[in-house]
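First, one chain by itself in structure tokens, the form predicted alone.
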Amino acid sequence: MDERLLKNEEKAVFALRALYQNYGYLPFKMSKFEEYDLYAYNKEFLVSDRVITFTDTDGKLMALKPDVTLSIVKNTQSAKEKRKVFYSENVYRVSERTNQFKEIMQTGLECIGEIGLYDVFEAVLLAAKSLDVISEEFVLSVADTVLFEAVLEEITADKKVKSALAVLLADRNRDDLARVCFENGFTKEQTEKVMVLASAYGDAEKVLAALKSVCASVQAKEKIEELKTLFALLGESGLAGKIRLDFSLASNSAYYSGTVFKGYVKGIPEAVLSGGRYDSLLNRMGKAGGAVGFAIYLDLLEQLEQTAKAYDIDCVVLYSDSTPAHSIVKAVQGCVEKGERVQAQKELPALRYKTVIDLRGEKA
């Protein structure tokens, strides 16, 4: 099969499968249906609680799967032995763009068991490598919900105020953050911590140094050192320049319990990858140990396809009757080897194209 004829999402599935297998992840295959109770009892861990349901022949209420992670955790018997799986599944959930149910191709991986720093590093590394498979122009944003909560706890013990700060920090809304600080009579030190969190974005070394200068709790300091180690390890991957700290991600602590990350590629205005540690889900389902993983929403890659379709072909090679045949072959082959769509023509075609290679001046 010619890989160039595959859609972006289909090419990604093949490449990602090989990547995950190289790191020892085993394929996981789930049923298209699960009992609805699985999702009803754990709806806070779903992207949306709107689920397609039907009654099975035995009277049980079933659901078309809106999520894969819940099924993987449900089917994990013991945390004594680390379980590493990857999947490529279709899930059924409401699209944010159309507000209608849609079949979405999703791939990802999960590591369940006694989770340590290396496992978190490997998940973040594979998230970055996965984005690199999709596009060289990507950014992976990383944060830590435990550190985020520890800093908020240093600022205030008031749950309502912390909740309000978390919402504003997610948007990096400095004006409204200043207003909340003033209205609650925050000291200069408290306000400084809020503003440092609001600016906690970008180069890991600088962000962590700023956080360290205002943090006092043992938990916060330990998490800062852990993140330093994580980014030092990522620094050896060759992809570190595309991985940044961004604490606007850390406000969703209901699901994640530690490292959290999102991935973005040029040409798509929303995250195509989302993941992190989710020990709380295991605890909720009565499982011991921890877990870390991520999912890639391959349906979003359709937007890259639409961008590519702005042109019918990438290059036109123009030639005349006197142009040497080997020159035409060389030009066309050069384009093909770069993955470009190319046509050799004597006249400019009525097509949308990016570039032209004009060989009409060459003669034998």
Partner chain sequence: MINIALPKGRLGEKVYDLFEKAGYDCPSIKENSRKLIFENAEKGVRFFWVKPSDVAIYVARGAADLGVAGKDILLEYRPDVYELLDLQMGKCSMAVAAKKDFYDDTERTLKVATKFVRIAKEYYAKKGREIDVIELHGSIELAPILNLSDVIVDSVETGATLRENDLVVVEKFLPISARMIANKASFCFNTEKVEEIVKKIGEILKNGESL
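Note that the coordinates shown come from a computational prediction; the quantities given were computed from them, not determined experimentally. Positions refer to the first chain, counted from 1.
Only in words, not in the display: the form predicted together with the partner chain, which the text now covers.
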{"property": "Residue 176, heavy atom within 4.5 angstroms of the partner chain in the predicted complex", "result": "yes"}
{"property": "Touches the partner chain in the predicted complex: residue 101 (any heavy atom, 4.5 Å)", "result": "no"}
{"property": "Residue 246, heavy atom within 4.5 angstroms of the partner chain in the predicted complex", "result": "yes"}
{"property": "Residue contact check: residue 139 to the partner chain in the predicted complex, 4.5 Å heavy atom", "result": "yes"}
{"property": "Contact segment among 288-296, 122-130, 176-184, 101-109, judged by heavy atoms lying within 4.5 Å of the partner chain in the predicted complex", "result": "176-184"}
{"property": "The partner chain: the contacting residue among 195, 210, 233, 170 in the predicted complex [heavy atom, 4.5 Å]", "result": "170"}
{"property": "Selected contact from 268, 150, 72, 204, since only one has a non-hydrogen atom within 4.5 angstroms of the partner chain in the predicted complex", "result": "268"}
